[in-house]
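Quick heads-up: it's one chain on its own, the form predicted on its own, in structure tokens.
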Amino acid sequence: MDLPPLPLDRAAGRPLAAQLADALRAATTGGALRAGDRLPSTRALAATLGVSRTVTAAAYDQLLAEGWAEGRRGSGTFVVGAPAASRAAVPAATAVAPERDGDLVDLSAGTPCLTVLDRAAWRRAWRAAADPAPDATPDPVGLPEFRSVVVEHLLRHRGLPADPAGVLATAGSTGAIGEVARTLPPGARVAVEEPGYQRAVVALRDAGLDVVGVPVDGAGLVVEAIPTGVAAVYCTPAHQYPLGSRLSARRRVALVERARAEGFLVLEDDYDGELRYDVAPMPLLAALGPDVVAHLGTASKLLTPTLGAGWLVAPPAVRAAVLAVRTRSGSRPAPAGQRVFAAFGAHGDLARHLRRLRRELAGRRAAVVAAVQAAGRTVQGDAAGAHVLVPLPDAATERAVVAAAAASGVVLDGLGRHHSASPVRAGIVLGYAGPGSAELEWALPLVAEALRTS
């Protein structure tokens, strides 16, 4: 087909792949490309534009991930078309030359990697989720098919044997933390990692609980520093957020023993425990102490927060208390996300996605580590998850690095905001899952420069 003009500016300081994706997207919103149009092969388009095939492949990957295009086996890549809202709200000129805020590449932690998601499997799961009749009353426990897929996932990828009857569907980890928090006595003390996941801190405080920070080091939560008299301990033992360490075997045993001896509950947030690139994923605390550990899992980092789906595996008394909270409040986990997750996992698509995700993120992590080390800085944290920590000497240096990167078009995440009290450490929590691969490749030299000169 004859393509409309696709302007590329090699002097713009922006990846050519991102410019090409913008131009193709703009041609779609402007009507120059219509739904059903077949795009040239990546090789043919590269020859036409005088760029490498890597550029055209990355642009197509971005459009496929966003849903603007779809691949058909044996036929090529086709335009899907723009949603009606996009045609009305996004003029073609905006897509080609967005304001500077739209150019920022966000390397904050906590964003999932959507570029490896198989869009055909994704659409198939949504179609399957739409087959059952609408629910008159949402199930407070969770859909049986969702809980069965969760049980299979936990056994295969986290080594935790569980009974579907012992699994509760949740609205994600933070929602589950809030529900468990409301089962604790008002004003009870809860220990959390410091620095740590601040949304958990907010959820606990919103439930009227007294939150106390406990230090974290290279071996994870310092169990000996947990004060006596706490009702619960919240932690991220497989991949501490945000420092990236894992709770050592000795401390795991010590934490479970203290929980049994002192009668407190351990909230184990396994937000990305499946993502390890050096050894097998670490065993769960819930496998070591099922009588005192409430395990929290989520689809947000594996797939997308769009589903709003997670799970809770906890002692019977905790499950009963959470169900009582739901009965009193009338709250229920939404079934739509559960149905999609269940359909995605029913025929092996979830396992295949996880394998692709591990391969992609392992490569991205290696690139991030190389860029940071080239800037003369070090990286802390296990070979796991979707972020690394770059330690810095003080808060002033942290602010300078963040500001220098922002001036170059890159958003960085300072460690200071991950403290619930006055910051005790400084650094950059460098996420690498969210941007496209071309955007990450473009951003890393700028990050290295900010680290080198600040």
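Predicted, not measured: the structure shown is a model, and the values here were computed from it. Position 1 is the first residue in the sequence shown; the rest follow in order.
We do not show the form predicted in complex with a small molecule, though everything after this point is about it.
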Report summary line: Heavy atom within 4.5 Å of the small molecule in the predicted complex, from candidates 110, 138, 178, 290, belongs to 110
Report task. Name the stretch: of 300-308, 143-151, 69-77, 156-164, exactly one has residues whose heavy atoms fall within 4.5 Å of the small molecule in the predicted complex. Result -> 300-308
Query raised in the report: Would residue 197 count as a contact of the small molecule in the predicted complex, using a 4.5 angstroms cut-off between non-hydrogen atoms?
Result: yes
Requested in this report: Report whether the minimum heavy atom distance between residue 338 and the small molecule in the predicted complex is within 4.5 Å.
Outcome: no
**Report entry** in the predicted complex, residue 248 touching the small molecule (heavy atom, 4.5 Å)
**Finding:** no
Report task. Could you confirm whether residue 264 comes within 4.5 Å of the small molecule in the predicted complex, counting heavy atoms only? Result -> no
